[in-house]
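Take a look at this single chain, the form predicted on its own, given in structure tokens.
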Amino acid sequence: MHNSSRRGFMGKAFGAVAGVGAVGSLVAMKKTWDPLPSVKAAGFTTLDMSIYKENQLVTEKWRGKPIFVLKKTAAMVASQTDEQKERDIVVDGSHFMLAIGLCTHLGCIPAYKGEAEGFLCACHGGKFDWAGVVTQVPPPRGFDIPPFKIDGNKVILGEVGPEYKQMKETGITL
């Protein structure tokens, strides 16, 4: 800096101010892109699994999507195939079908028709059994299972637990 002139000083000062301004702008832009705390809080839903009754479908809500919760009867559990067993969520010894209640064909909401018939999607005639497995096409795959974590007798939707990781690794859900 032995060749210091007023012009050199002004150039360096301007460069420093511009750099600080650029960093401040980037920080402000990142804050606007981050989801609001209220949106982050809405990403988790806690379900108390002890309140559900056998063979009674309950539709919960998670991130604006319907979540089907079906507590299976002893007869359902005894008659399950291996594919159906893999999709079960077991909480305190009870078996549950927990799935995003949207048809994987076009996103319609299928109706539950009982243990014998399972789910029927009225839009294009797709059928799912009470475990969420496709029994009549056009749906390309079974019901998707939302990320979940089991905590005692509660299931926390939106958190990824070891059970969900295993289902994802084996290709049961996306």
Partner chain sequence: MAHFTKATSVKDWLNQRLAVEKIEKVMASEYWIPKNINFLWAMGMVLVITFALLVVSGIFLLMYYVPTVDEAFYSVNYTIMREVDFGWLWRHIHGVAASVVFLVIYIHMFTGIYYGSYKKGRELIWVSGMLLFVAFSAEAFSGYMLPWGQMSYWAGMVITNLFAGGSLHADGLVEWIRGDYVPAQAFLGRFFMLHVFLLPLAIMALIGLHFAALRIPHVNNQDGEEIDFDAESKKYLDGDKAGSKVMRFANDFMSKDMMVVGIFLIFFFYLVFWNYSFAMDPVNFDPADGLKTPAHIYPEWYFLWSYEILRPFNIDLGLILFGFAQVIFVLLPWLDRSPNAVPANRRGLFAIWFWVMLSNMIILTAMGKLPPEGVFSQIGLVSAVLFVVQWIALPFITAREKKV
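Because the structure is predicted, anything quoted here is derived from the model rather than measured. Throughout, rigid core stands for the largest set of C-alpha atoms superposing within 1.5 Å between the two forms. Residue numbers count along the first chain shown, from 1.
Another form, the form predicted together with the partner chain, is not on view; read the next lines as being about it.
Across the proposed site, L102, G125 and L174 without exception bring a heavy atom within 4.5 Å of the partner chain in the model of the complex. For I51, no non-hydrogen atom is located within 4.5 Å of the partner chain in the model of the complex, even though that partner is not displayed. In the model of the complex, at least one heavy atom of L106 sits within 4.5 Å of the partner chain. For Q56, no non-hydrogen atom is located within 4.5 Å of the partner chain in the model of the complex, even though that partner is not displayed. Shown alone here, A116 lies farther than 4.5 Å from the partner chain in the model of the complex, counting heavy atoms only.
Counting a residue when any of its non-hydrogen atoms is within 4.5 Å of the partner chain in the model of the complex, the hits in 4-32 run K30, T32. Superposition of the core reveals a Cα shift of less than 2 Å for I51 between this form and the one not shown.
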